[in-house]
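One chain is shown next in structure tokens, namely the form predicted alone.
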Amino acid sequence: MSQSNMLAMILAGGRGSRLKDLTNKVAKPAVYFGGKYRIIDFPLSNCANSGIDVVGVLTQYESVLLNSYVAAGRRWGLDSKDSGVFVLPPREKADEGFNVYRGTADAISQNIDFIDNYGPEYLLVLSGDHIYKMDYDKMLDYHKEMNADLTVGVRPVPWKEASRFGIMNTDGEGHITEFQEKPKEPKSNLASMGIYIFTWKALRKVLVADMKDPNSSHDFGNDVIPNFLNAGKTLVAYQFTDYWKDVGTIDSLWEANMDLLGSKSELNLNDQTWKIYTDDASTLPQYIGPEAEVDCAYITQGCRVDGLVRNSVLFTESVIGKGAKVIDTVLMPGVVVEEGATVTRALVAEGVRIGKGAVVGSSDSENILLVAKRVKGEE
């Protein structure tokens, strides 16, 4: 165990249905982001950078690719004899008739023996589908300073978006007095980031009782946190003000990629003091042709650009043909935009080909267009 005596568990079993065709065959945490990364790289890199050396990744939906990806702990420097990333699928419960995680809390409950094996004093529970950089060790210091049973990472969100989140209402000293799960009329705009530090003894006791409760939905937001509040436990809010994005929709995933553009990006993926580790693809350098026009673009290795790219993010091995235009768009790995085609305000899925002269998307569309299948062009 690390000096902080904290073990991390990443909840990575969700389908991410709002990402539509992007998650037809892969789990949401395995979706690509930022040119060459996957979403799961962010919480795993945060753990490595925070000195947490044992991480359990709880997988469920379309988990084959995700399981093999996270099992290679060396990507994040978590592969020594004292560290590791452990894939934890649901257990077979023959006598109870299920082998799924019935809720976020159940995912931890089913792995109590795994956690007990390491004997941590504290348990860090993370969502596996957010984009951010965070030092969990500083959050643990706050947890200890406040003598808390549970510390919840929170971030102020725009009031108009508050009803999408679990909202933490606090007193003047940072103690959580009330929790509202996706309220229609929120009392504050402090949104839960899905980052929890529990004192393990306190959580273990509640989880054992929760498993036996036939009326429980076995969920942190619906059951465990209200249980902690009702029992008079000490709950505190840890305010985080740096970049954080829930990329649960096509629009938000597009926005997070677009946030990488410009010199004043809040999310610096080239920061050597807090690296985001991933699987390094062995590809050729990017190639920008003599007739290409590039204006405010994030272009990854292996790309070939012979047309116009403006305000766009190009993932590994994307190809832009002569006379083609890519504007306000995210191209995932291996996308080919053929000669003379135009793509505007779109997110194009991995490996999709957009045919010669085709027109995809519109500059005045309200929502971002997801292009997940080949678009035919001129014959």
Partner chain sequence: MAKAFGIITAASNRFRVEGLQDYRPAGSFSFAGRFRLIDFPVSNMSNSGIDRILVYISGNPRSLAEHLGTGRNYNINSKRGKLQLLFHDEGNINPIYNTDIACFMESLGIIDRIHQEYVVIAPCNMVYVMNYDELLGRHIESGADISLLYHRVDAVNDTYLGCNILNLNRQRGVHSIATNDGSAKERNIFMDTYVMKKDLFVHLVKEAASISSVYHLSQIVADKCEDLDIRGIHHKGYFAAITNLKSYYESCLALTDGEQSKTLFLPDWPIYTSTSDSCPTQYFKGSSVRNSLISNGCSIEGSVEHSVFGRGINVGKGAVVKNCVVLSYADIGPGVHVENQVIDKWAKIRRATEIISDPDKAPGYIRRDDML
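Numbering follows the first chain given and starts at 1. This structure is a prediction, so every number in the text was calculated from the model and none was measured.
Only in words, not in the display: the form predicted in complex with its partner chain, which the text now covers.
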Point to revise | its partner chain contact at K182 in the predicted bound form, heavy atom, 4.5 Å | key: no
Exercise for review: Spell out, yes or no, whether the shortest heavy atom distance between K201 and its partner chain in the predicted bound form is within 4.5 Å.
Suggested key: no
Exercise for review: With heavy atoms only and a cut-off of 4.5 Å, decide whether D79 touches its partner chain in the predicted bound form.
Suggested key: yes
Point to revise | Proximity of P333 to its partner chain in the predicted bound form, heavy atoms at 4.5 Å | key: no
Exercise for review: Could you check which residue among S109, S192, S127, T300 gets a heavy atom within 4.5 Å of its partner chain in the predicted bound form?
Suggested key: T300
Study note, to complete from the structure: Among N117, T241, N270, N230, just one has a heavy atom within 4.5 Å of its partner chain in the predicted bound form, namely N270
Point to revise | Segment assignment from 218-226, 83-91, 257-265, 192-200: heavy atom within 4.5 Å of its partner chain in the predicted bound form | key: 257-265
Review point. Along 36-60, which positions have a non-hydrogen atom within 4.5 Å of its partner chain in the predicted bound form?
Key: K36, Y37
